[in-house]
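Next comes just one chain, in C-alpha cells: the form predicted alone.
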C-alpha cells in the first residue's frame, strides 16, 4: 500500500517535540512491513538537506489576495522511505518552526494551509497514495480539502485519510475570516464542521472529515472523549467513537539502549548491570554533586517545566521530599516559576537537588542511564517516551496513571515479583509523595529492586508492533473508501 505521511516536523530534518520522533521512525517501520511510504514536511531554515533535487518547480496555491507558488524538493530515500519538502521561504525560512517566545507566528494558518494544499498538488505529480496519514493541526486541512474542494477530483476518488492526534491541547484556532483568506467555503463554519466558539478550528475540521482518527495510546483515546481531557472536542470524538483508536508510539532502541548508548559512561545489560553504577557516578559528577553517597537513590527528571507535566504537584512536595534520603536531578526548561523553584531548591539543598535549565540530549541520556528512578507525574500525557526509555535503562518509572503512562507501566508487586514501576491515580501532591516514598522504600531491598529493573528492561516497545497496528487501520480505511466509492457508483 502507498502511504503518504504529512506532518509539520520530523527527525532528522526538523524537531520541536515528540511528533518529530514519530514521523522519523514510523515511516521506516511501515516500509519494513512492505508498504511504499512518502513523507511530506515543510523545508524550514533548520532543515539541512544534502543533494536536494527539485521535483516540482512551481505549484499554484490560491489565496484571496494573490497566488503563492511553492516548490517541492526531495532529499532522496532513507530506510525505504521517500522524503519530500515543501519549499516556500517567505513562510518557512524563519528562526523557529511555529513562533517566537512572544507567541505563535500570526500567519500560521496561511503557512500550514499552503503546506497542506501543496502536499495534495505534489502528490498528483509524484504519486497519489492510497492513504494520507496526517498528524496534528498543521496538516489537518488535508482531510478537509479532500472531502470539500477536491471532492470531485478523480485523482483522489479512492484515497483514504487517517488523522493522528498527538496532543488535544493544540488545535489550530484562528479568526473566522481565515476561511475566505484560504479560499475555503463558508459552509465549513458550522458546529458540525470547523466552527468552535466563534473561531475556525483546524483540528476539529480533521475530526469531522478524516476517515479514521488515531491517537498515541489506548488510554488517551478514551480520555479525550471526556470533558476533562477533550479540550472542548470530546463530543465530536464521542460521536465517532467507532472510528477512533489508540496506537501506542514506539521508541527507537538504536538510539535509546544502555547496551549501545554513545553518551553514557559505561554500557550495561540485564545480564550485567554493573555498568549502571559507573553511569550513576558520571551523572552526579555532571550535575556537580560527585561527593554524594552513591548508595542514595537518584530520581531523574527530563521534561518541559510546565503544569501539564505535573510540576505544580512537584512544587507542592519538594520541600518535604528534600528531607528524604535521596537525590533529585532535573533537566529541562519552560515556565519561569518552575525553573526558579528548582534553582531555589538547589541553593537550599545543594547536595540533594540539582538542576540544569536547558535542552541537552547527551545529558538526557546520562540521566536515563545513571538515575535509579524516573519521575513523570503528568496531569495528562498522550503517550510519553521517557518512561519507555527508562524501562530499557533499568531506571524505574514513577508516573501518574494517565494516557500512555498508564498503558506502559505496570505497578510493582514485591510479593509476586511482577511489575515495572510505581504509579498513582489521584492528581494531588499527597498521592505523588506517597508513591515516591513507596519507591524509596522498595529501593532498600536491592535484590528485589534488581528484579524490578530487569522486568522493565525486558519490555519491548519498538515500532514494529505499532506499525502493524497502523497497517490494520489503513486496511480498514481502504475497505471503507472502497465501499463508499461503490455506493457512489450505484447512485450515479
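Computed from a prediction, not measured in an experiment: that's the story for all the values here. Numbering follows the first chain given and starts at 1.
From this point on, the text means the form predicted in complex with ligand GLC, which you will not see here.
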Query raised in the report: So which of 300, 382, 394, 172 gets a non-hydrogen atom within 4.5 Å of ligand GLC in the predicted bound form?
Result: 382
Query raised in the report: 147, 240, 304, 278: which sits within 4.5 Å of ligand GLC in the predicted bound form by any heavy atom?
Result: 304
Query raised in the report: Okay, which stretch from 153-161, 409-417, 306-314, 268-276 lines ligand GLC in the predicted bound form, with non-hydrogen atoms inside 4.5 Å?
Result: 306-314
Query - Close approach of residue 477 to ligand GLC in the predicted bound form, 4.5 Å, heavy atom - result: no
Query raised in the report: Does residue 284 reach ligand GLC in the predicted bound form if we count a contact as any heavy atom within 4.5 Å?
Result: no
Report task. Please check if residue 25 has a heavy atom lying within 4.5 Å of any heavy atom of ligand GLC in the predicted bound form. Result -> no
Query raised in the report: Does residue 216 reach ligand GLC in the predicted bound form if we count a contact as any heavy atom within 4.5 Å?
Result: yes
Query - Sequence-ordered residues of 8-35 touching ligand GLC in the predicted bound form, heavy atom within 4.5 Å - result: 18, 19, 22
